[in-house]
Structure formats: C-alpha cells, structure tokens
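Let's start with one chain on its own, the form predicted alone, as structure tokens.
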Amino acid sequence: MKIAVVGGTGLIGSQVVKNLRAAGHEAVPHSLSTGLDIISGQGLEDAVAGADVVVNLTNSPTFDEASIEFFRTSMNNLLAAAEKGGVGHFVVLSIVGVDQVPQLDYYRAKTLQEEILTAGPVPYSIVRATQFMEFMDAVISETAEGDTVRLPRTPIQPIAAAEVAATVAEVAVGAPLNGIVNIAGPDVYALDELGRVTLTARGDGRSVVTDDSAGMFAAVPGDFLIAHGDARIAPTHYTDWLA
C-alpha cells in the first residue's frame, strides 16, 4: 500500500513513516523540507500521486487565530488533490475533546479541520489523542518565571507520542472509519500535579504553584481533555516514560 504522510518529518509523522515501512508499506514523508507547501499547493499533486492513503499530520505554525485559516486552506487544498488523485482514505490526527473547547483558537481551528474532512469527498478516519507526554516541557515553560511554575488543575491524560504514531499507522492501513477513534494514556493527572511529578523526576528545584488562570489550558473547563467511553487506552504510564 502506498501512503503519503503529509507532515511526515515531525514528531509523530517520522514515527508513522517508520512503523508503516516496517510493516511493508510504501510510506512517503512530505513536508516543507521535501518541497511540499500545502498552503500554496506547490507539490501537492505529485505528493498524492498514486497514493492509496493520505495521512495529514501537519500543524499550524501558530496557536492563535491565524491557525483557523491555516487549517481551512490546507485541508481544502489537500482534499482537492486527494480527490483528483483517486485517494481512497484520508486520515487526520486531532485532539480528544477538541470540539468542546471553543474558547481556544487552536481547538476551534482543529474542529474546523475535522468538519472540512467529514464534509469532503474522500472516505476518512480521525484519530483523536490526548495530550502528548513530550509536550510537558513546553507546558511548563509557558508559565515559568524564575523558580516558580504556575499551572492550573485542569485534568490531563498524557499519552506517549510513540503510541499515538502506532495507532495512526494502524488506522491508515485499515478501512476508512468515516468516524473517530479516541486514544489516551492510562493515567489522569491534574496539570499542576503533573508539573510537580515532572520537575521532581528531573531533579528540577522549581516549585509549582496552583493557578487556575495560568497558561493555555486554564481556558479548558471540566474534564473535556479526558477520554471517555470506548477510547483506546495505551499502556505506557507517564512515570515510566519519564524514567
């Protein structure tokens, strides 16, 4: 099976390509570095030519309101090229609870991406994942000042990027779901507690102060970022991943 992995050189994409190739598929990574521009459309037709499946793992360069137009333009361009190229399955990676948090520009942008996909001409699958363990350093950095890190009590269910990539690769070679599969890590933490666990494990002497107005995730009410129902639960615990 030939699979075009758009965004195939990033954190998730590079692992998806590796997994697909190990399973005997022809996985081709595409990104700006390989000459593909999904906003201008440069290289799009060549990228999807002969592909059975397109996996879209691209991300907006910003998390503000500009991300909305990024996903609108990129999805419309990608779907048009996929339809023209006869692609039979289009896979997108999204976020658990993404449609429940309109307060965040980036989440509204990702919701729009899903809506364009589901209304589009190509059979599809959406993989929604909880927050990546690998992103915890960035979350801490966002609200760090001196010896203090301010974090809200927002519930988080971290998952290892490797397990997200494995699920994306599995879904890509299956029949289109024309629906959503949710995946999550095995443990739920309050974000402030997750910050303390992270700093302690790394011998970092900074202290975490609980502040429900701090950082991007302060805008998330309740437990919308937690997987519910029939979500797949990955096996790797955050403390084991840290170790």
Ligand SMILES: NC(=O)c1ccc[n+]([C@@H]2O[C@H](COP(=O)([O-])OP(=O)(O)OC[C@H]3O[C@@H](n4cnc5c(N)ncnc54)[C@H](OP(=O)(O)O)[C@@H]3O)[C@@H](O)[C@H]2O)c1
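Residue positions are given as counts along the sequence shown, with the first one as 1. None of these values were measured; they are calculated from a predicted model.
Heads up, the form predicted in complex with the ligand isn't pictured, but that's what we're talking about next.
Since only the chain is shown here, I'm wondering whether N59 would be in contact with the ligand in the model of the complex (any heavy atom pair within 4.5 Å). So N59 counts as contacting the ligand.
Even though the partner isn't displayed, in the model of the complex is S31 close enough to the ligand, meaning a heavy atom within 4.5 Å? Yes, contact at 4.5 Å.
Report whether the minimum heavy atom distance between A231 and the ligand in the model of the complex is within 4.5 Å. Output for A231 is no: heavy atoms all beyond 4.5 Å of the ligand.
Does T167 make contact with the ligand in the model of the complex, using a 4.5 Å heavy atom cut-off? No, T167 sits far enough from the ligand in the model of the complex that none of its heavy atoms falls within 4.5 Å.
Sole residue of L79, V171, L112, I95 within 4.5 Å of the ligand in the model of the complex, by heavy atom: Only one option qualifies, and that one is I95.
State the residue from I140, V91, V87, A129 whose non-hydrogen atoms include one within 4.5 Å of the ligand in the model of the complex. Contact check passes for A129.
Residue stretch of 33-41, 184-192, 46-54, 206-214 approaching the ligand in the model of the complex, non-hydrogen atom distance within 4.5 Å: Comparing against the ligand in the model of the complex, the contact stretch is 33-41.
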